[in-house]
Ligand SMILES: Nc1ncnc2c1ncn2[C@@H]1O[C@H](COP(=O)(O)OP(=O)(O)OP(=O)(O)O)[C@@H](O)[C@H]1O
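Read the single chain below, which is given as structure tokens and is the form predicted on its own.
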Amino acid sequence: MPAALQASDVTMQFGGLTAVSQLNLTVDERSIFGIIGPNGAGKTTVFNMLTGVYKPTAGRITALGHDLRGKRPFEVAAIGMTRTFQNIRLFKDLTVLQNLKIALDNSALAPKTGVVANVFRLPSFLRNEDAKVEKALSLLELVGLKERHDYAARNLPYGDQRRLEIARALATGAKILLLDEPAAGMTSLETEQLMSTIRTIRDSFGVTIILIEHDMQLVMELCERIAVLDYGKKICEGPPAEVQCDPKVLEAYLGCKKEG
């Protein structure tokens, strides 16, 4: 299976501090890939480099056949790689549907019309609006929010706000979806629903999903491969069954070394 994303010897330094050191990652298309590690391991720094928020000090990142060196966040998003954040960033006073339509305005998923058609609300503009609503509702149905399309985003339960944020990222036309602690603050039931939603998104859209997460049950059940960071270095990578038994991972998380 071809790689959707590759990071080669990627390093990020802030002054004399090395936050990430010579990181190598290969993420296959249509896979669900996890990045885990203790607090301060460099996980969010990796996401910031992948999405153009930080420019790596050294190394190379390619995604969907594009070299990301020097690209800014909006350019990375235009290529097809979009992220969510630890802190939910919705338009809280707008409805669920309006949040999706805003994302679709800058997406290849929705048809475009010219300035004249938009200003004078010509039939082509109205057809375009209908198409955006139809697309938005289909995405909301996928994440289980179609019946709440007219709710203000702030009035959704926390788990539903997370799913709306994921749907909005999909609405941009994402081919690689980066989820930063998607289960943070969720109940056990909400986490189970989230795992089902993520699998459905991957299977329905063929999207590659990379996630940072502290919920180990979610990571071990959902991800096909996992990379473990500690103090900015990758100490282990492999399938969940291998990772959770690796002595270096146990030491990083539990502070104990395996004897022998």
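In case it trips you up, residue 1 is the first one in the sequence shown, and so on. Fair warning: this is a prediction, and the values are worked out from it, not measured in the lab.
Missing here is the form predicted in complex with the named molecule; even so, the following discussion is about that form.
Annotated contact segment (heavy atom within 4.5 Å of the named molecule in the model of the complex): 36-44, selected among 55-63, 201-209, 216-224, 36-44. The named molecule in the model of the complex is not approached by residue 98, whose heavy atoms all lie more than 4.5 angstroms from it. The named molecule in the model of the complex is not approached by residue 165, whose heavy atoms all lie more than 4.5 angstroms from it. Put simply, residue 23 is far from the named molecule in the model of the complex: not one heavy atom of it is within 4.5 Å.
Although the partner is absent from this view, residue 86 contacts the named molecule in the model of the complex, with a non-hydrogen atom inside 4.5 angstroms. When you look in the model of the complex, the only residue of 252, 19, 243, 10 with a non-hydrogen atom within 4.5 Å of the named molecule is 19.
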